[in-house]
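Read the single chain below, which is given as structure tokens and is the form predicted alone.
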């Protein structure tokens, strides 16, 4: 049957070429569609993690739900010594966050003021890339404050201006100081830009009596795919029932929900795409096979069974599909790989987003060999399913009746 199928393919060259082209285009488009969708999700996640939230964050239990100085991490040094032993961690740092009142003359606003380690923060987040005016913090910034653009606008502040701060220290006493604005950032996230400001921990710890204390410890991984494994290792190595290690899936539950909704619409689009592919291939196969009813009738009369006819159709579609996939796979793979390294930039939108500092204007692709193989297996399956209806149709004719079909 295999040799017979090969002869049929060569005999019906026009139909074979059309089937080959349909399968080839379908394979390439499906791989690129999935790659772009996965790449967009990965980019969305990475850009969100770059701004401020870490891949993993360690908290004292109760801090996220209740808050307050009673739930601060009390010995950050010993914890970070343990984290340094985990190879999969690229960088980590402790942060101290508090809420206070910032005032400039008759203008005032509540703000989350965070003490960060500037050198480590440049690896952990993209806050320094969101700089709009002035400069980012350094280890010797002293009382310099790095402020969100909307917050600075609310307080009528510019680089070099002074702002008064009143808040609660880590020992529940009052803390007050005068800060000087060293830089203004803009991430494009309105709520973040209108309510957050930063100081160097070396200075802020003295003011807030927060040495060796932290609201949480922020962790960046070398590879996000190792998230769950590394998180389990962190829990094991810290071995403290009063601490909890949370991944971005918990920390960014809103983002997770948004990605799930996006996935649903993506699957709907993919389903429609696959349905279109299936019916295009099936309709063409139906036209192709139904025009050969007389041929199949003769074959039945000379002794071929229904199983033989099915095997013949199967081998024909198998050979054409395999040939199309073998050529389509490396082409689509190369395209995915190229655009995973060199993401597509949409001209015009890039210029508009540049003011936002850390918001990506790129459309990256995801390069994953298992995903590509899975996509190709779908095309194979659709092609094989497409011959079922034509097969049952031609078998609805009796052999003698089929030989007289015009």
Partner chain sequence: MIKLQNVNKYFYRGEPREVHALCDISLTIEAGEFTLLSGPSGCGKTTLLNAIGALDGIDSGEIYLDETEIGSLDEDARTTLRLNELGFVFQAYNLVPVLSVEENIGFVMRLRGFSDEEIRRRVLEVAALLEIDNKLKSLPNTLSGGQQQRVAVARAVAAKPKIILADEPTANLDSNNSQILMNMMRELNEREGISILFASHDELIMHSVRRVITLNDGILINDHKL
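Numbering follows the first chain given and starts at 1. Everything quoted here is computed from the prediction, not taken from an experiment. Basically, rigid core = biggest C-alpha set you can superpose within 1.5 Å across the two forms.
Although it is not shown, the form predicted in complex with the partner chain is what the next lines describe.
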query	finding
Heavy atom within 4.5 Å of the partner chain in the predicted bound form - residue from 301, 86, 335, 122	301
Contact flag, residue 294 vs the partner chain in the predicted bound form, heavy atom cut 4.5 Å	yes
4.5 Å heavy atom contact, residue 393 and the partner chain in the predicted bound form	no
is_contact(residue 308, the partner chain) in the predicted bound form, heavy atom dist at most 4.5 Å	yes
Partner contact for residue 398 in the predicted bound form: the partner chain, 4.5 angstroms, heavy atom	yes
Residues within 4.5 Å of the partner chain in the predicted bound form, restricted to 5-23 and counted by heavy atom	7, 8, 11, 12
C-alpha of residue 183 off by 2 Å or more between the shown form and the other one on rigid core	no
After fitting the core, residue 86 CA displacement of 2 Å or more between the shown form and the other one	no
Core-aligned CA displacement of residue 234 at least 2 Å between the shown form and the other one	no
